[in-house]
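In structure tokens, one chain follows: the form predicted on its own.
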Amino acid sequence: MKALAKTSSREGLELVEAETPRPGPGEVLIKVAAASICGTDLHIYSWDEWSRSRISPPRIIGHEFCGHVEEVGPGVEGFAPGDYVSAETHIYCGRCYMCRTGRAHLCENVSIIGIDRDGAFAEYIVVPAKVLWKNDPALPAKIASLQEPFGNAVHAVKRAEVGGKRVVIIGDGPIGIFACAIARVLGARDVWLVGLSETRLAAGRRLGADAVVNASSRDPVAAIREWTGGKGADVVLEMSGSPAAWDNALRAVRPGGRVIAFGLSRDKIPWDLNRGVFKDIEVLGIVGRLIFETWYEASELLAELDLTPAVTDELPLEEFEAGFERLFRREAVKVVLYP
């Protein structure tokens, strides 16, 4: 089969011919219909410090996908050939403390698709049946492939409790843009998006942001204070992991407000603890999504939302370089690859 893999310890990816996998006990073989590029895949392509510490080449990458069940392994129940499915990326053990207390997304023994085992940038993928999600047959493949990152945004916005609030989202990546749409549906009073890419900010507007600010040309904190009459935002979701953005989040939130820390940074970020204390703000760290609670929530939201504006590029797997280049240049939001 065709597959996109990290074949050696260096920058880049290669399109290779790989052995089609076979499902073992409790596993399912899926014919991939669509797979979207994630920020994690950009890190792996760049072969940064995190990737070097986490990936052992050769490895087929990619974890956001949908497809149809081709074959089921021994012991699999509830799935049959032809089923239209996606998958939870985190393969949880079900035995550790976190799993047994309802926090399987924080599993102590987690194995991640496209990182610890071969992923979805391929014609076929094998995953355990326990992480499969049956899709609505009417859901387009390009949208079905987005459910994993969309779920991240759902989980973050739900924890932010945005109903009736003035909400600022910092970070114009896909999850920040998805958060605009989700905050709007969940009853936010106002939704503002801060970013650096005019293409992505425009997508944020189409998905529900009332106003946007390009932080490369305007002070976002000044804009937020102007929008809020000097009070500051009730809720700030920091989705970028940028040190400057984190400082802006702490300055933009009103006294007594809430900051959601979602974006990951390559470096340690120093921050003004006194500002947080004297403003009496609440800071919540959010990772991933609840398995499978968030998938149910995301499915209901997708019945109300059209994520099509976020899919800026659709390419055959063979043209992956063009998709990665557009993402690195911040000219795209989500790139969907078709094996």
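Counting begins at 1, following the sequence as shown. Note that the structure is a prediction, hence the values are computed from the model and not measured.
A second form of this protein, the form predicted in complex with a further copy of the same chain, is not displayed here; the remarks below concern that form.
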| query | Hey, in the model of the complex, does A211 get a heavy atom within 4.5 angstroms of a further copy of the same chain? | reply | no
| task | Would you check, heavy atoms only and a 4.5 Å threshold, whether W246 touches a further copy of the same chain in the model of the complex? | result | yes
| task | May I ask you to check whether S217 falls inside a 4.5 Å heavy atom distance of a further copy of the same chain in the model of the complex? | result | no
| said: So, C96 and a further copy of the same chain: in the model of the complex, are they within 4.5 Å at any heavy atom pair? | reply: yes
| query | L307, A33, I60, I281: which sits within 4.5 Å of a further copy of the same chain in the model of the complex by any heavy atom? | reply | I281
| task | Identify, from the list P81, G256, G229, P74, the residue with a heavy atom within 4.5 Å of a further copy of the same chain in the model of the complex. | result | G256
| field | Full three-residue contact with a further copy of the same chain in the model of the complex, heavy atom 4.5 Å, for C38, H68 and A144 | value | no
| Based on heavy atom distances of at most 4.5 Å to a further copy of the same chain in the model of the complex, which listed stretch, 218 to 226, 201 to 209, 155 to 163, 173 to 181, is the contact stretch? | 155 to 163
| Out of 170 to 207, which residues reach within 4.5 Å of a further copy of the same chain in the model of the complex, heavy atoms considered? | V185, L186, G187, R189
